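Next comes just one chain, in C-alpha coordinates: the form predicted alone.
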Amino acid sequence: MSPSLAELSADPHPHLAAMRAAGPAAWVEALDGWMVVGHAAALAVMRDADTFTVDDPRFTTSRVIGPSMLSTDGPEHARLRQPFVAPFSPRASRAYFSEFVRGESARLVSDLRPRGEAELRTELAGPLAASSMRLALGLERIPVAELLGWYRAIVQAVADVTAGQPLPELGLTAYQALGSAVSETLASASGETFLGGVLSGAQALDQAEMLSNTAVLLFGGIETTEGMIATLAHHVLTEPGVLDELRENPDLLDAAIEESLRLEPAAAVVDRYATRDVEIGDAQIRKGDLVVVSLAGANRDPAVFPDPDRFDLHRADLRRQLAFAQGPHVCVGLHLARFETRCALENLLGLPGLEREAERSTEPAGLVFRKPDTVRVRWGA
(Lines give C-alpha, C1' and ligand atoms only; values in the text may rest on other atoms or scores of the structure.)
Protein backbone atom coordinates (compact mmCIF):
# COMPACT_ATOMS: atom_id res chain seq x y z
CA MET A 1 0.00 0.00 0.00
CA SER A 2 1.22 3.48 -0.86
CA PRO A 3 2.33 5.39 2.28
CA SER A 4 0.43 8.39 3.59
CA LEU A 5 1.97 11.84 4.04
CA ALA A 6 1.86 11.30 7.80
CA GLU A 7 3.85 8.07 7.46
CA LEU A 8 6.40 9.71 5.18
CA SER A 9 6.74 12.56 7.67
CA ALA A 10 7.08 10.50 10.84
CA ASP A 11 9.26 7.54 9.81
CA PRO A 12 9.59 7.16 6.05
CA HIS A 13 12.45 4.69 6.01
CA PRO A 14 10.53 1.36 6.16
CA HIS A 15 8.19 2.61 3.42
CA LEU A 16 11.09 3.84 1.27
CA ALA A 17 12.84 0.49 1.69
CA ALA A 18 9.72 -1.39 0.61
CA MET A 19 9.35 0.81 -2.47
CA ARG A 20 13.03 0.47 -3.32
CA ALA A 21 12.83 -3.34 -3.14
CA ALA A 22 10.23 -3.20 -5.92
CA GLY A 23 12.12 -0.76 -8.12
CA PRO A 24 13.89 2.61 -8.25
CA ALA A 25 10.64 4.62 -8.53
CA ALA A 26 7.07 4.16 -7.32
CA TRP A 27 3.76 5.99 -7.57
CA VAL A 28 2.75 7.58 -4.25
CA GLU A 29 -0.95 8.38 -4.19
CA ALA A 30 -0.66 10.90 -1.37
CA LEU A 31 1.81 12.95 -3.41
CA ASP A 32 -0.07 12.50 -6.67
CA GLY A 33 3.33 11.82 -8.15
CA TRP A 34 6.27 9.48 -8.47
CA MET A 35 8.89 9.01 -5.78
CA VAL A 36 12.43 8.05 -6.82
CA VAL A 37 14.08 5.98 -4.09
CA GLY A 38 17.11 4.34 -5.75
CA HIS A 39 20.53 5.98 -5.59
CA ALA A 40 21.42 5.60 -9.28
CA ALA A 41 18.00 6.78 -10.42
CA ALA A 42 18.09 9.76 -8.06
CA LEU A 43 21.45 10.82 -9.48
CA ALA A 44 20.19 10.45 -13.04
CA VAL A 45 17.08 12.54 -12.39
CA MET A 46 18.92 15.36 -10.60
CA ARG A 47 21.59 15.54 -13.30
CA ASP A 48 19.09 15.68 -16.19
CA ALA A 49 17.42 19.09 -15.94
CA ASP A 50 16.25 18.86 -19.54
CA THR A 51 13.98 15.91 -18.68
CA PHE A 52 13.29 16.63 -15.00
CA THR A 53 12.89 20.35 -14.37
CA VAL A 54 12.08 22.66 -11.46
CA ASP A 55 10.78 25.28 -13.88
CA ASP A 56 7.08 24.62 -13.44
CA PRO A 57 4.26 26.86 -12.12
CA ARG A 58 3.49 24.24 -9.46
CA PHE A 59 6.91 24.73 -7.83
CA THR A 60 5.76 26.35 -4.61
CA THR A 61 8.81 28.37 -3.56
CA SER A 62 8.60 30.52 -6.68
CA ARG A 63 4.96 31.30 -5.85
CA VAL A 64 6.14 32.91 -2.60
CA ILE A 65 9.42 34.63 -3.53
CA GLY A 66 9.35 34.72 -7.33
CA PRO A 67 11.79 33.17 -9.84
CA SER A 68 15.21 32.29 -8.41
CA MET A 69 18.10 29.91 -8.94
CA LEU A 70 16.01 27.37 -6.99
CA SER A 71 13.11 27.41 -9.47
CA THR A 72 14.72 27.86 -12.89
CA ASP A 73 16.76 25.67 -15.22
CA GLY A 74 19.01 26.05 -18.24
CA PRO A 75 20.65 29.38 -19.13
CA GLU A 76 18.32 31.33 -16.82
CA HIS A 77 19.31 29.18 -13.87
CA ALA A 78 23.00 29.58 -14.71
CA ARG A 79 22.60 33.36 -14.90
CA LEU A 80 20.87 33.56 -11.53
CA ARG A 81 23.18 31.11 -9.75
CA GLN A 82 26.59 32.05 -11.13
CA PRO A 83 27.15 35.22 -9.03
CA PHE A 84 26.86 33.13 -5.85
CA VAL A 85 29.19 30.29 -6.85
CA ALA A 86 32.59 31.91 -6.31
CA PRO A 87 31.72 33.59 -2.97
CA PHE A 88 30.54 30.21 -1.61
CA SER A 89 33.57 28.26 -2.87
CA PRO A 90 35.60 26.41 -0.19
CA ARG A 91 38.41 28.97 -0.22
CA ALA A 92 36.13 32.02 -0.18
CA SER A 93 33.88 30.54 2.50
CA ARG A 94 36.86 29.83 4.75
CA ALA A 95 38.31 33.28 4.22
CA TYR A 96 35.09 35.13 4.96
CA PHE A 97 33.29 32.95 7.50
CA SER A 98 35.80 30.76 9.37
CA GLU A 99 36.79 33.23 12.10
CA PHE A 100 33.20 34.31 12.68
CA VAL A 101 31.72 30.79 12.74
CA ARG A 102 34.43 29.50 15.09
CA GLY A 103 33.92 32.42 17.44
CA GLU A 104 30.12 32.40 17.33
CA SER A 105 29.79 28.65 17.91
CA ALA A 106 32.23 28.87 20.83
CA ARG A 107 30.34 31.86 22.27
CA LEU A 108 26.95 30.15 22.03
CA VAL A 109 28.18 27.01 23.81
CA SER A 110 30.11 29.05 26.37
CA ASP A 111 26.98 31.03 27.24
CA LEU A 112 25.07 27.79 27.73
CA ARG A 113 27.78 26.02 29.76
CA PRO A 114 26.95 27.40 33.25
CA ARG A 115 23.31 26.25 32.96
CA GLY A 116 24.15 22.57 32.65
CA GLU A 117 21.29 22.01 30.19
CA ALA A 118 19.99 23.32 26.86
CA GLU A 119 17.72 22.67 23.90
CA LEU A 120 20.22 22.48 21.05
CA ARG A 121 18.00 23.19 18.04
CA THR A 122 16.73 26.57 19.22
CA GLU A 123 19.66 27.57 21.44
CA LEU A 124 22.61 26.52 19.26
CA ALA A 125 21.73 25.24 15.79
CA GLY A 126 19.21 27.90 14.78
CA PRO A 127 21.10 30.91 16.18
CA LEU A 128 24.41 29.80 14.63
CA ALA A 129 22.83 29.26 11.20
CA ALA A 130 20.91 32.55 11.39
CA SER A 131 23.88 34.62 12.52
CA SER A 132 26.01 33.21 9.69
CA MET A 133 23.36 34.12 7.12
CA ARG A 134 22.97 37.51 8.77
CA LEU A 135 26.66 38.11 8.15
CA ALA A 136 26.44 36.83 4.57
CA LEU A 137 23.51 39.10 3.74
CA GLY A 138 24.93 42.14 5.51
CA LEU A 139 22.07 42.23 7.99
CA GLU A 140 24.08 42.50 11.21
CA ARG A 141 21.85 45.39 12.30
CA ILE A 142 18.87 43.00 12.39
CA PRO A 143 18.56 41.01 15.65
CA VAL A 144 18.96 37.27 15.13
CA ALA A 145 15.55 36.63 16.69
CA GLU A 146 13.90 39.00 14.18
CA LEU A 147 15.71 37.40 11.24
CA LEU A 148 14.62 33.97 12.45
CA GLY A 149 11.06 35.27 12.64
CA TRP A 150 11.14 36.38 8.99
CA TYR A 151 12.63 33.07 7.95
CA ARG A 152 10.06 30.98 9.81
CA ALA A 153 7.20 33.04 8.36
CA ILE A 154 8.52 32.52 4.80
CA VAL A 155 8.99 28.79 5.45
CA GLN A 156 5.42 28.56 6.75
CA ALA A 157 4.14 30.41 3.68
CA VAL A 158 5.84 27.88 1.41
CA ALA A 159 4.39 25.03 3.48
CA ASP A 160 0.89 26.51 3.33
CA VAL A 161 1.01 27.01 -0.43
CA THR A 162 2.36 23.47 -0.85
CA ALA A 163 -0.64 22.20 1.11
CA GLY A 164 -3.02 24.07 -1.20
CA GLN A 165 -3.81 26.87 1.23
CA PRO A 166 -3.80 30.60 0.39
CA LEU A 167 -0.56 32.53 0.73
CA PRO A 168 -0.61 33.81 4.35
CA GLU A 169 -0.35 37.53 5.00
CA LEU A 170 2.39 36.96 7.58
CA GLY A 171 4.60 35.37 4.94
CA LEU A 172 4.15 38.32 2.60
CA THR A 173 4.89 40.77 5.41
CA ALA A 174 8.06 38.90 6.35
CA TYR A 175 9.23 38.81 2.73
CA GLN A 176 8.60 42.52 2.37
CA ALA A 177 10.56 43.23 5.57
CA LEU A 178 13.44 41.09 4.32
CA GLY A 179 13.28 42.90 0.98
CA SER A 180 13.56 46.32 2.59
CA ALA A 181 16.53 45.23 4.70
CA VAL A 182 18.33 43.59 1.78
CA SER A 183 17.68 46.60 -0.48
CA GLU A 184 19.26 48.85 2.11
CA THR A 185 22.27 46.56 2.29
CA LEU A 186 22.61 46.35 -1.49
CA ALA A 187 22.64 50.14 -1.74
CA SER A 188 25.68 50.38 0.52
CA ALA A 189 27.48 47.05 0.00
CA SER A 190 31.21 47.34 -0.57
CA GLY A 191 33.52 44.86 -2.24
CA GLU A 192 34.86 43.82 1.17
CA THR A 193 31.49 42.43 2.28
CA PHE A 194 30.20 39.01 1.28
CA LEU A 195 27.17 40.40 -0.50
CA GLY A 196 29.39 43.03 -2.12
CA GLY A 197 31.44 40.20 -3.57
CA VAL A 198 28.27 38.67 -4.97
CA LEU A 199 27.22 42.01 -6.45
CA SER A 200 30.56 42.43 -8.22
CA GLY A 201 29.63 39.46 -10.39
CA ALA A 202 25.90 40.07 -10.50
CA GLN A 203 25.50 42.88 -13.01
CA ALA A 204 22.91 40.82 -14.87
CA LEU A 205 20.65 40.50 -11.80
CA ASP A 206 18.08 43.17 -11.08
CA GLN A 207 16.86 44.16 -7.62
CA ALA A 208 13.95 41.68 -7.58
CA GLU A 209 16.25 38.83 -8.66
CA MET A 210 18.81 39.71 -6.00
CA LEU A 211 16.05 39.70 -3.39
CA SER A 212 14.56 36.35 -4.46
CA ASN A 213 17.98 34.73 -4.46
CA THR A 214 19.00 36.17 -1.10
CA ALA A 215 15.68 34.80 0.24
CA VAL A 216 16.75 31.39 -1.11
CA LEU A 217 20.05 31.75 0.76
CA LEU A 218 18.24 32.71 3.94
CA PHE A 219 15.82 29.82 3.55
CA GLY A 220 18.44 27.21 2.72
CA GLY A 221 21.21 28.59 4.92
CA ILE A 222 19.08 28.48 8.05
CA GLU A 223 16.70 25.55 7.49
CA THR A 224 19.14 22.91 6.32
CA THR A 225 22.04 23.96 8.56
CA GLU A 226 19.82 24.07 11.64
CA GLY A 227 18.60 20.60 10.70
CA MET A 228 22.12 19.31 10.09
CA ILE A 229 23.37 20.44 13.50
CA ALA A 230 20.30 19.27 15.45
CA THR A 231 20.22 15.87 13.73
CA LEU A 232 23.96 15.35 14.16
CA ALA A 233 23.65 16.05 17.88
CA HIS A 234 20.76 13.58 18.01
CA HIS A 235 22.82 10.86 16.32
CA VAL A 236 26.01 11.46 18.30
CA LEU A 237 24.11 11.31 21.58
CA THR A 238 21.88 8.32 20.78
CA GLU A 239 24.18 5.97 18.86
CA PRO A 240 26.09 3.78 21.34
CA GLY A 241 29.77 4.62 21.69
CA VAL A 242 29.84 7.39 19.07
CA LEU A 243 30.37 10.29 21.49
CA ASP A 244 33.30 8.55 23.18
CA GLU A 245 34.86 7.56 19.86
CA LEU A 246 34.69 11.13 18.56
CA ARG A 247 36.33 12.46 21.71
CA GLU A 248 39.10 9.89 21.38
CA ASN A 249 39.53 10.48 17.66
CA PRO A 250 38.48 13.97 16.47
CA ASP A 251 39.63 13.02 12.95
CA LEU A 252 36.28 11.23 12.66
CA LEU A 253 34.24 14.44 13.03
CA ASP A 254 33.80 14.82 9.28
CA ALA A 255 32.73 11.18 8.97
CA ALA A 256 30.13 11.75 11.70
CA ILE A 257 28.71 14.71 9.77
CA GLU A 258 28.48 12.76 6.50
CA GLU A 259 26.97 9.68 8.14
CA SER A 260 24.37 11.80 9.93
CA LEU A 261 23.51 13.49 6.63
CA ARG A 262 23.25 10.10 4.94
CA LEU A 263 20.85 8.68 7.51
CA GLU A 264 18.68 11.79 7.84
CA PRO A 265 19.29 14.46 5.17
CA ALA A 266 18.04 17.85 6.31
CA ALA A 267 16.19 18.18 3.00
CA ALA A 268 14.62 14.76 2.56
CA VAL A 269 13.12 15.28 -0.91
CA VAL A 270 13.46 17.55 -3.94
CA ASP A 271 10.74 18.08 -6.53
CA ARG A 272 11.07 17.84 -10.29
CA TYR A 273 8.54 17.78 -13.15
CA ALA A 274 8.87 15.54 -16.22
CA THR A 275 9.19 17.46 -19.49
CA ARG A 276 8.56 14.36 -21.62
CA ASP A 277 7.44 10.74 -21.32
CA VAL A 278 10.27 8.73 -19.78
CA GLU A 279 10.90 5.44 -17.97
CA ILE A 280 12.61 5.01 -14.59
CA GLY A 281 12.99 1.28 -14.17
CA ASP A 282 9.49 -0.09 -14.77
CA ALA A 283 7.82 3.21 -13.90
CA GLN A 284 6.17 4.89 -16.88
CA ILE A 285 6.54 8.64 -16.23
CA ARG A 286 4.33 10.91 -18.31
CA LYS A 287 5.07 14.45 -19.41
CA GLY A 288 3.99 16.85 -16.66
CA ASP A 289 4.14 14.26 -13.85
CA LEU A 290 5.55 15.27 -10.49
CA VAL A 291 8.77 13.36 -9.79
CA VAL A 292 9.87 13.57 -6.15
CA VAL A 293 13.47 12.52 -5.57
CA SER A 294 13.79 10.99 -2.11
CA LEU A 295 17.28 11.86 -0.93
CA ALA A 296 16.47 9.95 2.24
CA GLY A 297 15.62 6.87 0.18
CA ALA A 298 18.67 7.13 -2.08
CA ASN A 299 20.94 7.55 0.94
CA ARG A 300 19.85 4.19 2.34
CA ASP A 301 20.14 2.24 -0.90
CA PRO A 302 21.91 -1.01 0.10
CA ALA A 303 23.42 -1.26 -3.38
CA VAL A 304 25.62 1.71 -2.39
CA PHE A 305 25.63 1.62 1.43
CA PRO A 306 25.62 -1.90 2.93
CA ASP A 307 23.63 -2.28 6.15
CA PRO A 308 22.15 1.14 5.36
CA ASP A 309 20.15 1.73 8.56
CA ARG A 310 23.23 1.51 10.79
CA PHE A 311 25.23 4.58 11.88
CA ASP A 312 28.85 3.76 10.98
CA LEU A 313 31.71 6.24 11.46
CA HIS A 314 33.99 4.00 9.39
CA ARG A 315 31.70 3.54 6.41
CA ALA A 316 33.43 3.70 3.03
CA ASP A 317 32.38 6.17 0.32
CA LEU A 318 30.45 8.44 2.67
CA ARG A 319 30.79 11.32 0.23
CA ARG A 320 28.45 9.43 -2.10
CA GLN A 321 25.55 10.49 0.13
CA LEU A 322 23.19 12.88 -1.64
CA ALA A 323 21.98 15.18 1.15
CA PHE A 324 23.07 18.30 -0.76
CA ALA A 325 21.49 17.05 -4.00
CA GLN A 326 23.45 16.73 -7.26
CA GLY A 327 23.50 18.21 -10.73
CA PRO A 328 22.90 21.89 -11.51
CA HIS A 329 20.93 22.41 -8.28
CA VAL A 330 23.54 21.04 -5.87
CA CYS A 331 23.48 23.18 -2.73
CA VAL A 332 25.57 26.31 -3.32
CA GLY A 333 26.32 26.73 0.41
CA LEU A 334 27.30 23.16 1.22
CA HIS A 335 30.87 24.03 2.29
CA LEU A 336 29.68 26.65 4.76
CA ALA A 337 26.98 24.34 6.12
CA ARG A 338 29.50 21.59 6.76
CA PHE A 339 31.87 24.02 8.47
CA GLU A 340 29.16 25.43 10.76
CA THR A 341 28.11 21.91 11.70
CA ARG A 342 31.67 20.84 12.47
CA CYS A 343 32.32 23.89 14.66
CA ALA A 344 29.11 23.30 16.60
CA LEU A 345 30.03 19.66 17.22
CA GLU A 346 33.61 20.50 18.26
CA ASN A 347 32.31 22.84 20.95
CA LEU A 348 29.65 20.41 22.14
CA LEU A 349 32.30 17.71 22.63
CA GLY A 350 33.94 19.96 25.22
CA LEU A 351 30.93 19.75 27.56
CA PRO A 352 31.69 17.17 30.29
CA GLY A 353 29.17 14.42 30.84
CA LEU A 354 27.09 15.52 27.86
CA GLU A 355 23.97 13.39 27.40
CA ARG A 356 20.60 13.58 25.66
CA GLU A 357 17.45 13.73 27.77
CA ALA A 358 15.47 11.13 25.84
CA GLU A 359 12.19 11.77 27.63
CA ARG A 360 12.28 15.47 26.69
CA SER A 361 13.63 15.08 23.15
CA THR A 362 12.06 14.11 19.83
CA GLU A 363 13.06 11.99 16.85
CA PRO A 364 13.79 13.53 13.42
CA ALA A 365 10.56 14.19 11.54
CA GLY A 366 9.25 16.06 8.52
CA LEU A 367 8.14 15.31 4.97
CA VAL A 368 10.39 17.78 3.13
CA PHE A 369 12.70 19.14 5.81
CA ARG A 370 13.63 16.61 8.50
CA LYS A 371 15.07 17.34 11.92
CA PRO A 372 14.29 16.68 15.59
CA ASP A 373 12.08 19.45 16.88
CA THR A 374 13.68 19.16 20.31
CA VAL A 375 17.17 18.03 21.36
CA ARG A 376 17.28 18.45 25.13
CA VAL A 377 20.71 17.80 26.66
CA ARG A 378 22.43 18.15 30.00
CA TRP A 379 26.03 18.02 31.20
CA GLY A 380 28.10 18.25 34.35
CA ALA A 381 29.87 21.18 35.94
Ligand code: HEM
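These numbers were taken from a predicted model, which means no experiment stands behind them. Throughout, we count residues from 1 along the sequence that is shown.
Beyond what is shown, the protein has a form predicted in complex with the named molecule; the following relates to that form.
Heavy atoms within 4.5 Å of the named molecule in the predicted complex are found in one stretch of 153-161, 211-219, 232-240, 281-289, which is 211-219.
Interface membership of residue 134, defined by any non-hydrogen atom within 4.5 Å of the named molecule in the predicted complex, is ruled out. Taking non-hydrogen atoms only, residue 105 never approaches the named molecule to within 4.5 angstroms in the predicted complex.
Contact check for residue 299: no non-hydrogen atom falls within 4.5 Å of the named molecule in the predicted complex. Residue 33 falls outside the set of residues with a heavy atom inside 4.5 Å of the named molecule in the predicted complex. Annotation: in the predicted complex, residues 19, 28 and 37 none come within 4.5 Å of the named molecule through any heavy atom.
Checking 261, 174, 120, 139 against the named molecule in the predicted complex, a heavy atom within 4.5 Å turns up for just one residue: 261.
Interface residue among 343, 65, 323, 42, judged by heavy atoms within 4.5 Å of the named molecule in the predicted complex: 323. For the stretch 75-101, the set of residues having any non-hydrogen atom within 4.5 angstroms of the named molecule in the predicted complex comprises 77, 81, 88, in sequence order.
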